[in-house]
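For reference, the chain that follows is the form predicted on its own, supplied as structure tokens.
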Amino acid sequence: MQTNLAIQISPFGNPDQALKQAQQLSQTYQIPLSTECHPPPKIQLGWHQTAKEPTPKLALFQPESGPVFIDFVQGKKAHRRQFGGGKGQPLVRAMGKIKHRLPQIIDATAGMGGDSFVLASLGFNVIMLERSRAVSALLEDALLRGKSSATTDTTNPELLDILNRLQLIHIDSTLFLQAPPLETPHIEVVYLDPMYPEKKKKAASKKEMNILQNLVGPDQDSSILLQAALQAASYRVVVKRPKHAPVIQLDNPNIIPTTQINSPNTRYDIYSIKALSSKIRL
């Protein structure tokens, strides 16, 4: 059970219903209630609601920043879907095509779901893997709210189809890739976006990254995850990196990206399984 995180009981609505809701969330994700922790952890999972947005959103709270939640209907994700560059953006080009169709994507580091949502909005079916209990809960809440909104709001007819192309699994990605469930589609592309090294200067707009780093800690197993991805994928593995960051080092020094796609601040390292097949199996 995570000891650096607790669940708040919602101050909104019926108190008995709020307690029941918090207890169910605690049981599902094995996170203690704040009333069970003395003193309560600095990071708490609870509900955010305003007069302008009366629908409660599951959110992460910490003293030094405002609430962090996921919203697939409005905000940055909706803006990025509409104005992010469409099929010509580097993220989408990095995924490739298989015989004139879009490949199945495993987002092995789903995080706040931004890249998965963009890919789903452009027709990809994406399985989001997330090992953090708290972040998985945020994603699940955002998917449920998004689907509920899409069924009642006729002004956004594409949203429900997009969200239906997203599947969430709360699991350690390395374990999933080493032994995927029998019902999982054939793994074609694995997408990795490991936690970036923490910068000395943090922009206020990066509060999501700040709270994730405080919650899950620094990246310590990207090379293990990349190796598992290379063994599981049939088409390619795509790794998102800061533009000037080194490639992820593997035990086999012969395994390096077969190509790269660059954008102003980001680089996508692409490992073609066909090109690397003889080296990967060593």
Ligand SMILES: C[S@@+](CC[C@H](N)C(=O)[O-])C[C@H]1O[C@@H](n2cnc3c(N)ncnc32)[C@H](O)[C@@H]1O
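Just so it is clear, the structure is predicted and the values come from calculations on it, not from any experiment. Residue numbers here begin at 1 and follow the sequence given.
Only in words, not in the display: the form predicted together with the ligand, which the text now covers.
Within 4.5 Å of the ligand in the model of the complex, a heavy atom is found for not a single one of 18, 32 and 142. Mapping the unseen interface onto this chain, residue 114 counts among the residues with a heavy atom inside 4.5 Å of the ligand in the model of the complex. Taking the partner from elsewhere, residue 167 is found to have every heavy atom lying beyond 4.5 Å of the ligand in the model of the complex. Under a 4.5 angstroms non-hydrogen atom cutoff, the ligand in the model of the complex has residue 109 among its neighbouring residues.
Put simply, residue 212 is close to the ligand in the model of the complex: some heavy atom of it is within 4.5 Å. From the list 248-256, 219-227, 36-44, 61-69, the contact stretch for the ligand in the model of the complex under a 4.5 Å heavy atom rule is 219-227. Contact with the ligand in the model of the complex, judged by any heavy atom within 4.5 Å, is made by just one of 95, 135, 127, 119: 135. Here is the short version: of 180, 103, 90, 194, the single residue with a heavy atom within 4.5 Å of the ligand in the model of the complex is 194. Annotation for 144-180: interface residues with the ligand in the model of the complex are 171, 172, 173, 174 [heavy atom within 4.5 Å].
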